[in-house]
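One chain comes next, on its own, written as C-alpha cells: the form predicted on its own.
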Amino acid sequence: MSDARSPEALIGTPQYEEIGEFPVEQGYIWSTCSSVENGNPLFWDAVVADKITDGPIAPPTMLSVWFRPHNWSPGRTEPAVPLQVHFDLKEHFGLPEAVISDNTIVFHEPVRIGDVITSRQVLRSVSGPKTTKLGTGRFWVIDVEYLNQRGDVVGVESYTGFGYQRGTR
C-alpha cells in the first residue's frame, strides 16, 4: 500500500492522488468520437453544447482518459500503473492472479474543455479469504474518484477485484 499500514487500516483513505498530465481538449474529444462514430452534436457543435450544457463538454465515457498517463513522459523513472491499490493488495496478500469482476461509473459534474482532472484511489473494502472456481483469495472494492481543478467531483469509478492463488488440481 502507499504507506506501512495494513490494507484494512487504509479503508476510506485517499491514496495515489495524481493530477492529469494534460488538460481536457477538444481534439481528443473529436478523435475519440470519430473512432467510435459518435455523431452526437453535443460533442461536435458548440451552439448545441451551449444550449444543452452551457458549453462544450467531454463525453462522460471519456472520464478516465483525462488522468491516464502517457506511456512515456520526460523525467518519469518508473512505469505508471493504473489502479495501483489493486496491485498493492495482490502483493500484500501474496496473490499472483487477479480479475476485475465488476466496474461501475457514477457521473457527477460534466468535464469541460480546459479542465485538469485529478484522480485518487480509495480502498472501500477487503474480504476475508474466499474460495471460488478460480482459486482462493480475497475480494476488494476500490473507488477511483475524479475531480476537476476546482475540487468538484466529476465522477467515481468503482472496481471489484478478486485476487487469488490458483488451486491445485
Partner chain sequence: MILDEVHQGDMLPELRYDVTASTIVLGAIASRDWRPMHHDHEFAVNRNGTQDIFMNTPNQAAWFERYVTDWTGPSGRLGRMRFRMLGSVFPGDTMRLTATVEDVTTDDADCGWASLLVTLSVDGDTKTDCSVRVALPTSEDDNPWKRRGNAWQP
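Just so you know, these numbers come straight off a predicted model, no measurement behind them. Numbering follows the first chain given and starts at 1.
What comes next is about the form predicted together with its partner chain, which does not appear here.
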Pick from R120, H108, K130, R124: which residue has any heavy atom within 4.5 angstroms of its partner chain in the predicted complex? H108
According to a 4.5 angstroms non-hydrogen atom cut-off, is Y16 in contact with its partner chain in the predicted complex? no
When the contact criterion is heavy atoms within 4.5 Å, does E21 count as touching its partner chain in the predicted complex? yes
I'd like to check something about I57: if you look in the predicted complex, is any of its heavy atoms closer than or equal to 4.5 Å to a heavy atom of its partner chain? yes
Wondering, does I113 line up within 4.5 Å of its partner chain in the predicted complex on heavy atoms? no
Site test, S31, V36 and V65 vs its partner chain in the predicted complex, non-hydrogen atom cutoff 4.5 Å: yes
